[in-house]
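Here you'll find one protein chain in two forms, each presented separately as structure tokens under the names structure 1 and structure 2.
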Structure 1
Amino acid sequence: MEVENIQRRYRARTGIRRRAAREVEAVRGLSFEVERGELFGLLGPNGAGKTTTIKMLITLLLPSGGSARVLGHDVVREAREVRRHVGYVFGGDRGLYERLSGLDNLRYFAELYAVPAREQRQRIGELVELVGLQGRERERVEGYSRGMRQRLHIARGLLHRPEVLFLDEPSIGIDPVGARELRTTVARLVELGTTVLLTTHYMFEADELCDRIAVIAAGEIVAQGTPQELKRGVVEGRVVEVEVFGDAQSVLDDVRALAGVTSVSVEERGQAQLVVVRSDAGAEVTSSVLAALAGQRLGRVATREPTLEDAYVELVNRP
């Protein structure tokens, strides 16, 4: 899969009388390549342009500029060929026929994706089992829970054994055990030669699965590489975490100003706030951070290796 400088603009409608058409640049020239059999992750904050990029690659949107080829087929000129070989799973509970059973949904889509009639029954049976819906497949979808719907989506996306699979937040709403099974399934598909493009907001998921990752923000790639490269390239030093009881916000600027500190973020942890400090390689910031927080009531203090999440936070917060 080769993507070259792909762009997409939307016309955002605001107001009814003054049809002020504001152009939104959702994707501003992305370029990346995904090898066959590779699992490529697309990470980025909400509205970064991940879904838009995927929709252009599966031919649901025409790019406003640039070009892309999937399995050697141009996504604009050879849309039919592309559609034959790609599968698409998106997160959320839409995209299913509520009044039909799960089984009927799969039958219908098997026909739409041109699964040969002889294979349909067996293939659907396999997939129902794979996603763990056996026993419930004859019930109407309107009675499914959110995770069950998501599982049905996954089965639907795999019906025609796509060579390239696009997974747009596939694990939304799935319970931890199901999510782990999903990761195993995806890993197995990749072993069998399927190329996968995955977006997710779960960093551990991306870390565990992806061979390579591109982080995009506001429609542009801000970093690209293996999870290891991203972690090392962005956050070379160690990460210091300090639990603060009380108002950590007031002293954050002091911490940010410390020599060697590259970024600081705060997470709510019950009554405490967890101040996460990332620093340059070789900088030993623990003592100066503690000094800066001196006036506060502190809890646990820990240092650890940077995770993909640290790298991600660092990348998308860069000015």
Structure 2
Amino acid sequence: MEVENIQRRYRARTGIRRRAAREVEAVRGLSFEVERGELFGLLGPNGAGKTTTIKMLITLLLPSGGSARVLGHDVVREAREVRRHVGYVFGGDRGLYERLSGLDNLRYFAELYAVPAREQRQRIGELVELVGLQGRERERVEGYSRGMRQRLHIARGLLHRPEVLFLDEPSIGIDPVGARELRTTVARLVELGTTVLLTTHYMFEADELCDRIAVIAAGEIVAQGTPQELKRGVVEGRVVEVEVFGDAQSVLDDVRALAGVTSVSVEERGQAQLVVVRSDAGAEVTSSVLAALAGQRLGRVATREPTLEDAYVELVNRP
């Protein structure tokens, strides 16, 4: 897959009485490549342009500028060839017929994908085993858990043996057990030679699965590389986490002013606030952070190595 300076603009209208038209740049010149057999991650906040990018690559939207090729086929001039070789799986409950069984859903979509009748039974059986729905395939989808539905979505997207599979937030809303099973299924697909482009909001999922990652913010790529390269290139040193019960905001400026501290953020955790302090490599700031928080009611204190989530937050929040 080769994507070069791809762009997508559209016109939107604002206001109720005096509606004014304005041009919105959803994607602002993305460029990246995905190797055959690679699992490539596209990460970014809501509205960053991830789904819009995927829709251009699977020919559902026309680019406003730039170019993209999937398996050597141009997504504009050779849209029919692109569609024959790609599969698309999106998160959520849409796209399945709940009053049909999982098996009947797959039979129906096999007809839509023009899978030859003589191959359908074997192909459906292979996919049911691949996604772990053996023994449940004859049950109505309305009785499936969200994780089971998502695995059925994947089976549906693989019916026509696509060489490239696009997974748009496939694990959204799935419980931890279902999400783990889904990650196992995706890893097996890559082992079997399928090229996968994945979008997700779960950083641990991207860290575990992806060979390489591109981080998008405001329609532009702000970083690319392997998970380890992103972590090394953006976040150095260690991270101190302190649980604070009360108003942590009042002392954050004191924490930010400490020697060796590079950034400070706060996450709401129910009745507590989690103060996350990142430091320079080699700097030991735990004792000084605790001293700055003196007078606050503290809970858990922990130090750890930087994660992909730390690197991601740093990248998307850069001015």
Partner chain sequence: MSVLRLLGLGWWLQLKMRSRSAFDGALAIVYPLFFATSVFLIYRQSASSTALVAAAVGASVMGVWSAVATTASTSLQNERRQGTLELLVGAPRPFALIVVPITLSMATIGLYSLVATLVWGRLVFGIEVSFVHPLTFALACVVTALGVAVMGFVLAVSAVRYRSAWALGSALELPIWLTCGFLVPLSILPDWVRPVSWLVPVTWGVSAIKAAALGGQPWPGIAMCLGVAAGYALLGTLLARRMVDSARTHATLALT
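Keep in mind that this is a model prediction, so the values were computed, not measured. For numbering, take structure 1's sequence and count from 1. If you superpose the two forms and keep the largest set of C-alpha atoms that fall within 1.5 Å, you have the rigid core.
Q: Identify which of the two structures, 1 or 2, is the form predicted together with the partner chain.
A: Of the two forms shown, it is structure 1 that corresponds to the form predicted together with the partner chain, while structure 2 does not.
Q | Rigid core superposition, A187 Cα moves 2 angstroms or more between the two structures | A | No, the C-alpha moves less than 2 Å.
Q.
How about G225 - superposed on the rigid core, does its CA move between the two structures by 2 Å or more?
A. No, because once the rigid core is superposed, the C-alpha of G225 moves less than 2 Å between the two structures.
Q. Core aligned, does the CA of N46 move at least 2 Å between the two structures?
A. Comparing forms between the two structures, the N46 CA shifts below 2 Å.
Q: Could the core-superposed CA displacement of R256 between the two structures be given in angstrom, to one decimal?
A: For R256, the C-alpha ends up 2.9 Å from its position in the other form.
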